[in-house]
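The chain that follows stands alone, in the form predicted on its own, written as structure tokens.
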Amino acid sequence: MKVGFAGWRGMVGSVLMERMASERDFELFSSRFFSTSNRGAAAPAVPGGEARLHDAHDVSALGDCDAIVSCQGGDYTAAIHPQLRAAGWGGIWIDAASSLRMNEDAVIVLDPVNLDVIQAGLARGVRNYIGANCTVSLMLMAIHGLLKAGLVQWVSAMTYQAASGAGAQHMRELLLQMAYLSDAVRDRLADEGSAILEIDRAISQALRSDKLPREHLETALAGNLIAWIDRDLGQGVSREEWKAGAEANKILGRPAMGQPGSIIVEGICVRVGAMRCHSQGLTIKLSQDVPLAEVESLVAGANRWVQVVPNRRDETIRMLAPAQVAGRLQIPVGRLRKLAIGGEYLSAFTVGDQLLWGAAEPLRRMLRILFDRRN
């Protein structure tokens, strides 16, 4: 099997390369790397990899691959994917971008949750396998056990999404904003006798200053938050919020949200000043009043990456935090408790590295599924 890779130098692509090298995936097939700007340069040195980079817009070179993994972005997918299919390419397209997710001829991949949907897609000849929205993937992984047990009627997901979810430039700008704020009060902080209200006023002025770096974030994120992610779809709904219900039901192989048999997933998506990892506060309406101990058991036993954190102060502060989770495949779930609304209402808080389970890992595992099926 020959696999082509586009967008492997970007943030998601880099994480994917690290994971594939760590799991020795490259030993399973031959690899061809593509570049939009550096054709002919040395390609990454991986087992079975070709020595030189190919042009990422060369449909013939792309079409020579049995599968293509793209982390290049939606514009690239929109330009190249139709050309490949029009040229008669019948290979498997695996993509991190959202462009093809909701197409009828595409399966959204999250195999610990929907391996049956993926296998059914392969059996009927589906050739497009797309990674899900990061918060949707992390939410479904976290509550997988409740979904398997048929206990979820609806979910309200309040997301707290890191700067890295918007891209590398947003991460850099967040750090520049932090530095700008620090510089604004450096002398006052050095003086132990300075009044905290003076420091607070100086920070407020700096946050509103035209000199605050905001080319990519548009506004302050350091010491602040942004209560809107992605474009406005009208009626007060952002595209990021729409994705939750639309993609979750497709991943689970259910009817579209709002139709009989679907699960309602709603909420508000917020950008916060974390560098990496998305957090989510969940309110879940269960189909029946299940004892909390059973809920914890179902959540913990669904897949080997979910980790139930006891709903106690010390464990929560130590374990249920982006700084603890960054770079790890584990998805901690905590703050599990029944709400005063009634026994069918459950709260939860979960954190996950969106660059792993929210982006790169499902793509890597889809390649493994494809390889195993062919062998």
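Everything quoted here is computed from the prediction, not taken from an experiment. Throughout, we count residues from 1 along the sequence that is shown.
In what follows, reference is made to the form predicted in complex with L-homoserine (HSE), a form of this protein that is not presented.
(message) If I superpose the C-alphas around the site and drop in L-homoserine (HSE) as it sits in the predicted bound form, do 3 or more of its atoms land within 2.4 Å of a backbone or C-beta atom here, i.e. is the pocket blocked or open?
(response) Judged by the transferred pose of L-homoserine (HSE) in the predicted bound form, this form is open (no ligand atom within 2.4 Å of backbone or C-beta).
(request) Could you spot which one of V265, A166, A184, L147 gets a heavy atom to within 4.5 Å of L-homoserine (HSE) in the predicted bound form? (result) Only one listed residue qualifies here, and that residue is A166.
(request) Scan C134, A248, L110, V107 and let me know which has any heavy atom within 4.5 Å of L-homoserine (HSE) in the predicted bound form. (result) Only one listed residue qualifies here, and that residue is C134.
(request) Please check if E240 has a heavy atom lying within 4.5 Å of any heavy atom of L-homoserine (HSE) in the predicted bound form. (result) Yes - in the predicted bound form, heavy atoms of E240 and L-homoserine (HSE) come within 4.5 Å of each other.
(message) Just checking whether Q161 would be counted as a contact of L-homoserine (HSE) in the predicted bound form - the rule being heavy atoms within 4.5 angstroms.
(response) Taking the distances in the predicted bound form, the answer for Q161 is yes, it comes within 4.5 Å of L-homoserine (HSE).
(message) Against L-homoserine (HSE) in the predicted bound form, would L298 count as a contact residue? Criterion: heavy atoms within 4.5 Å.
(response) Although L-homoserine (HSE) is absent here, L298 would stay clear of it in the predicted bound form, with no heavy atoms inside 4.5 Å.
(message) Although the partner isn't part of this model, could you tell me whether L140 comes within 4.5 Å of L-homoserine (HSE) in the predicted bound form, counting any heavy atom of the residue?
(response) Heavy-atom contact with L-homoserine (HSE) at 4.5 Å: absent for L140.
(request) Spot the stretch among 113 to 121, 71 to 79, 271 to 279, 86 to 94 with residues whose non-hydrogen atoms come within 4.5 Å of L-homoserine (HSE) in the predicted bound form. (result) Comparing against L-homoserine (HSE) in the predicted bound form, the contact stretch is 271 to 279.
(message) Just to make sure I understand: among 204 to 235, which residues lie within 4.5 Å of L-homoserine (HSE) in the predicted bound form, judging by heavy atoms?
(response) The stretch 204 to 235, when checked against L-homoserine (HSE) in the predicted bound form, contributes only I229 at the 4.5 Å heavy-atom cut-off.
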